[in-house]
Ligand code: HEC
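Quick setup: one chain, the form predicted alone, written in structure tokens, and binding and motion questions come after.
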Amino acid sequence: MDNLKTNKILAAFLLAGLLAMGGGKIAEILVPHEELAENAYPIEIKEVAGIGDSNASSNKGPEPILALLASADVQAGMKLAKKCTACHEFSADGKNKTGPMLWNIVDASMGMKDGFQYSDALTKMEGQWDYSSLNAFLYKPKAYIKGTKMNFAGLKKPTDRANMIAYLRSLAETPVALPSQEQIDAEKSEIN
């Protein structure tokens, strides 16, 4: 194919594109776009209290896990924790990374691991990383501690949180005692 024929074909495509763009502009001028004051076909939606209420479901906290801890799977918790190794160290002689080292974290004071610079939100928290606070934090960290630097969506399944907490509990020379039956019953009565 010679150069003249190639130029004619390319010119034809270019002309077709220019005609399409010009036609679109002319159509816009002839038939201007108008915003409707209201929908042409309004759809009425009835609100049903309790069912599908997004506010109720978003304010709902984590399910209780104290009863699950005794039968939790430490190995499954270890597998879940592999996602966390990019930011956290789990061994006794480990160092802080982007997040604090998590050895002996269960029942430790919040925001008090040596050598780690916590967010202001976490340093202002008082209390211990007990089973309930770990459950709430692992469920949705940014909802439990507003302003935390931890970018983790959370663990939605109660069994996953129980397995993770059981694994964290095992990361100590002397693991913290499992919850008593009275504590489990108290947690159940708070929900009911």
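Start at 1 with the first residue shown and count on from there. This is a predicted model, so every value here is computed, not measured.
There is also a form predicted together with the named molecule; it is not shown, and the following applies to it.
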Though only this chain appears here, would Phe137 touch the named molecule in the predicted bound form if you measure heavy atom gaps against 4.5 Å? yes
Verify the contact flag for Met78: yes if a non-hydrogen atom of it lies within 4.5 Å of a non-hydrogen atom of the named molecule in the predicted bound form, no if not. no
Decide whether Val74 counts as a contact residue for the named molecule in the predicted bound form under a heavy atom distance cut-off of 4.5 Å. no
Can any non-hydrogen atom of Trp129 be found within 4.5 angstroms of the named molecule in the predicted bound form? yes
Scan 123 to 153 and write down, in order along the chain, each residue with a heavy atom lying within 4.5 Å of the named molecule in the predicted bound form. Trp129, Leu134, Phe137, Leu138, Thr148, Lys149, Met150, Asn151, Phe152
